[in-house]
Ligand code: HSE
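As a starting point, one isolated chain is supplied in C-alpha cells, in the form predicted on its own.
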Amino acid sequence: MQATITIPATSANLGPGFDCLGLALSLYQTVTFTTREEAGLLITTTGEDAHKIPTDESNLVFEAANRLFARFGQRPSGLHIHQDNQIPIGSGLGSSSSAVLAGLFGANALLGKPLLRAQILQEATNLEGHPDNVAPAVYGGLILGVQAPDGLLVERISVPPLRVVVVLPDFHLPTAEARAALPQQVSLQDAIFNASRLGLLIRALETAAYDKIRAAMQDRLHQPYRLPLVPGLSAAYEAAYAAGAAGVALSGAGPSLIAFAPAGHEVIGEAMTAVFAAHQLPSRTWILAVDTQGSRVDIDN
C-alpha cells in the first residue's frame, strides 16, 4: 500500500493575527508512505534542506505518524517514508507543521482513515500548540483558528487570487528564541490596537482592498520585538514598502518576510534582497500564489 501526502507551506500571523491567522502558500512538502515486506523503518529524504532531516525515529514525520499507530495499536512491520521537502526548515513558512501533518495524514491513510480531517487538525494543533500554521495547511486559503474549551473553531475566509513575495535571509532564528523575545504582558492599548487591525486585515484580504492592507498589517504584540533579532530585517521590511508593497509582515516567527502587492512582485523582492546583501546576508525569493486546496492524500492500493 502507498499513500502520498502533499502539504502546503503557510505564513502565520500576517502582522496582527498572532497565533490565530494563517495563509496557505503554493510551496509544498510531499511525503510518500509505502508499506513493504522487509521489516523495519526506512526514511529517505530529498529536496530543500534534505541533509538536515533525520532519517531515524526522531524524524518529525515519523514521530507524528507513530502517535496514531500507537493510538490504534497498529504499525506496519515494514515502512518506507520518503520525504521530498520544498519548504525551507526554520524559515517561518510552516516546515514543522507540514511534517507533523504529513505524518498524521500518512498514518491515517495506512490505518484505513479512522480520523476525519477535523480530528487530524485538532491532533496537529495539540502537537504544535496553536492552529495558525496547521489550520491553513489542512484546509488551504486564509484561516482563522480559535481554541475553544470544547475544541478548535476554524473559519475559512474566502480571498480572491493573491500573489505574495517571500524573502528568506540566510540567518538561523529558532522559533523558541523568537518567542522568548516577546513580553509576557502587553498594555490594554496594544491589545486594542491589534484586535482592531486583525478585523480590518481579514476584511481587506477578503476584498483585495490593497489600500487598507498596510494599516491592517500593523502589529504591537510580536513584530517590534522580533524584527531586531535579524540583521537588516527591519530595513528590508521598510524597503518592501518603498518598492511598492501594499502590506509587509514577518512570516510566522521569521526570519522570512512576506509582502502583498497587486503587481511589481519582482521589484519588491529585489529591494528586500538588496538590503540583506548590504548586511552581508544572502537571501532567496519566492513569488507564490495562495494554495486553496490544503492537504492532499492520494492512496494507491
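So that there is no doubt, residue numbering starts at 1 and follows the sequence shown. Note that this is a predicted model, so its numbers are computed, not measured.
Heads up, the form predicted in complex with the ligand isn't pictured, but that's what we're talking about next.
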Just to confirm, Gln122 within 4.5 Å of the ligand in the model of the complex by heavy atoms? no
Answer for His130 alone: is it within 4.5 Å of the ligand in the model of the complex, judged on heavy atom distances? yes
Distance check, Ala253 to the ligand in the model of the complex, heavy atom within 4.5 Å: yes
Looking in the model of the complex, any heavy atom of Leu23 within 4.5 Å of the ligand? no
Exactly one of Gln74, Thr175, Ser196, Gln218 has a non-hydrogen atom within 4.5 Å of the ligand in the model of the complex; which residue is it? Thr175
Going by heavy atom distances of 4.5 angstroms or less, which of His80, Arg156, Arg179, Arg117 would be at the interface with the ligand in the model of the complex? Arg179
Just one of 43-51, 63-71, 266-274, 245-253 has residues with a heavy atom within 4.5 Å of the ligand in the model of the complex, so point it out. 245-253
Listed by sequence position, which residues of 1-37 have a non-hydrogen atom within 4.5 angstroms of the ligand in the model of the complex? Ala12, Asn13, Phe18, Asp19
